[in-house]
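Listed next as C-alpha cells is one chain, alone, in the form predicted on its own.
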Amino acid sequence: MTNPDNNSSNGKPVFPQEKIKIACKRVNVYYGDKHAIRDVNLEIGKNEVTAFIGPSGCGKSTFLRCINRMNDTIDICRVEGEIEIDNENIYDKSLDVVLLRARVGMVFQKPNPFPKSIYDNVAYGPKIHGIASTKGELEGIVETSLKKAGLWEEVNDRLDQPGTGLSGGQQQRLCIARAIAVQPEIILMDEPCSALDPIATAKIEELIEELKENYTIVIVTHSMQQAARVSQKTAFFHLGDLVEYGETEDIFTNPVNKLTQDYITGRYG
C-alpha cells in the first residue's frame, strides 16, 4: 500500500493491493552525475490511464522509460530503487528484458513504423516471440490488433503496402497495433499525439479510452487538456520530483501543492 514517508503523498491514490499493476518505490535516476529523478514513489492501477505531466525536462519521459527499462540502452544512465509489475521487481538481475518489453509495449512521440508492409509491421512481434504457431493464427492476430487500433477498416485491402505510406495518424495507430500484437499488459505512450493534427489526435484519444478496458496505460503528455480528457490519474513532475499525484479531476480543479496550481494555471511551463 502507500508509503507513509512518500514524497508524493499529496493526493496520492491508495489502491487495494489487487488493483495495483505497477508499484514504484524510491526510484532514482542518474545520467552520469546528473540526478534526473529523485526518490519517486508511485502506484499505478490496473486498467486505468495515468498521465504524467510537467514542464519540459522535468523527468516525466525519463520516468516512463524506467517502466520497460528503455533507459538500459543509455550507457550513462543508472536507475536505483524498485519498480514492480504484479509484485515482480523488473530490475531483478534474473529478469529477461526482452520478455519484459513484450509485456510493456511502447508508443513513441514520432510514429516509427518499420520499413515493411502494414501486415509485416504487426506480424513482426508475434513471429519473434513465437506467439503464433500457424499462418492462420498470425493472420488472426494481425486483424485483431489492427481492429483494436481502429485501423482495420482503413487498411484491410492494402496490407501488403508499406506502413510508411500511411498518414501520420494512421502510422501512429499502426504502431499501437504493433504494440498490441505481442499481447502486452501495459502500454506506455510518450507524447503519442505531439506530431499529429487535431483530427488524428482525437482518434488516438478515443482509442486510448477503448484500450484501457484491456490494458494499463501510462501516457506522457505536454497537453494538460489531453491529460484531463483521457486519464483517470495524473502525476505532476517538476525538476525530477513527483510533486503531486491524484485523481485527474482533483489535480486540475483542486491541486494541493502550489507548484501544481501554478503549472495548471499557466504561470510557468
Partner chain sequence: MSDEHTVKSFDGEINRLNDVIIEMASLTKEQVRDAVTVVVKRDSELAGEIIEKDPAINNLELESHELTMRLLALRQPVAIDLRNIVVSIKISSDLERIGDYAANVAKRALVLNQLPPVKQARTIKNMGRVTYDLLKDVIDAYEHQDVKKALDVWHRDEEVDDMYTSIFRELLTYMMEDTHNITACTHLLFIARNLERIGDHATNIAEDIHFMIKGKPPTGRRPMGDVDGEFDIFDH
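All values reported here derive from a predicted model rather than from experimental measurement. Numbering follows the first chain given and starts at 1.
Keep in mind that the form predicted together with the partner chain is not shown, yet the notes after this line are about it.
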Legend entry - Proximity of residue 56 to the partner chain in the predicted complex, heavy atoms at 4.5 Å: no
Inset, instruction - Would you please decide whether residue 15 lies within 4.5 angstroms of the partner chain in the predicted complex, comparing each non-hydrogen atom pair? - result: no
Inset, instruction - Check whether residue 246 has any heavy atom within 4.5 Å of a heavy atom of the partner chain in the predicted complex, and answer yes or no. - result: no
Legend entry - Residues of stretch 247 to 266 in contact with the partner chain in the predicted complex (4.5 Å, non-hydrogen atom): 252, 253, 254, 255, 258, 261, 262, 264, 265, 266
